[in-house]
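Just one chain follows, in the form predicted alone, and it is written as structure tokens.
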Amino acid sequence: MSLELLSILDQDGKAQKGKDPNLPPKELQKLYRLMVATRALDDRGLALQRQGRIGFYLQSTGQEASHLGAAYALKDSDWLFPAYRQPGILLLRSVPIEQIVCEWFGNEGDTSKGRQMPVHYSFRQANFVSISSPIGTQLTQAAGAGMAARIRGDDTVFMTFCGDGGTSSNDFHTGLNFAAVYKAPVVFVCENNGWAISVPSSKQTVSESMAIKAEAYGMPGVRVDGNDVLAVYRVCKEAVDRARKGEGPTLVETVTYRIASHSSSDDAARYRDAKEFEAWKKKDPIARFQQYLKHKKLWTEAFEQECLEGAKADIAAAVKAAEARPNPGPETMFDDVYMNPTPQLKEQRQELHELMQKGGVGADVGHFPL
């Protein structure tokens, strides 16, 4: 148990002696590229919402180091039970950008067939379990999956995320309690970004930290600087290794900040202090990691342009392709519900097909109205 805020990089990007995980140069550049691409993806997503081309968006701006540093500690075979502010993990796991963008539009290329809100991804090929809006549900799901893996005797690790507000949910208690009792291989990452929509952390709990809550469940708790990608990676790698060895779960609190509003439906300026906001903007995790790469002679203006312009071009191409796709057909309402459709469902599907043939069904109902 440590209440100390662990960090590796100072604000100028210099690594503290003896703490640098010494990732290979190509891995460091890959991490930076992913952080830059994640922010570019968020910028374009919000722009599309403001233009009325998609109905809703939710950014992770300022939290790129927190979720990418955490997920970078996993193997590709490990599973993720995310909240809704970890889009960089999709890029890390090589999910095609067009599939990500199709989810925003809810079109025929969307893996959820338009049934989810935008930014509520589900990608089986990336072991990325569906995001859901209710706060905390993913924590018990991850605990259950971890318990099953332990019973099977495999070495899969499960990582799940929540915000500071998620620690007030029933599922936080249930998930951590079950995972600890059954020594499930789960890493619980609480991204403490200061705000649960408009509720500050100070009104969420009177505990000294989120990490200290781990003590009551009998598992290690660690606080880490969530804007320091190397520190997050190092802490989560230790937690992942511990879980894989059968030593049970860990609660990691990444102390970060939500630079954006809660979502495209929120205006944080109405409740958030401007001085606090400006102070955290100066702690930008991408700029900080950039300084580290400069010290390592791994960053140049040409590399920066390659990262940023390359990401923007890929996203622009994905948006163009996604906007050209039609909406899911009405008949898809029968898909993915029953493994073996009942006779009644088959009959209803045929009736719908006949109605569509006559032009009686299939009107465009527009975007999700948030």
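Start at 1 with the first residue shown and count on from there. This one's a predicted model, so the numbers in the text were calculated from it and none came from an experiment.
One more form of this protein should be noted, the form predicted together with a small molecule, which is absent from this view; the next part is about it.
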Would Pro134 sit within 4.5 Å of the small molecule in the predicted bound form, counting heavy atoms only? yes
Find out whether any non-hydrogen atom of Asp164 is located within 4.5 angstroms of the small molecule in the predicted bound form, and reply yes or no. yes
Using a 4.5 angstroms cut-off on non-hydrogen atoms, would Trp195 count as touching the small molecule in the predicted bound form? yes
Although the partner isn't part of this model, could you tell me whether Arg223 comes within 4.5 Å of the small molecule in the predicted bound form, counting any heavy atom of the residue? no
Go through Lys113, Arg288, His262, Arg244 and name the one with a heavy atom inside 4.5 Å of the small molecule in the predicted bound form. His262
Quick check on this chain: which one of Phe105, Tyr84, Trp299, Phe178 has a heavy atom within 4.5 Å of the small molecule in the predicted bound form? Tyr84
Counting only non-hydrogen atoms, choose the one of 156-164, 269-277, 214-222, 236-244 that falls within 4.5 Å of the small molecule in the predicted bound form. 156-164
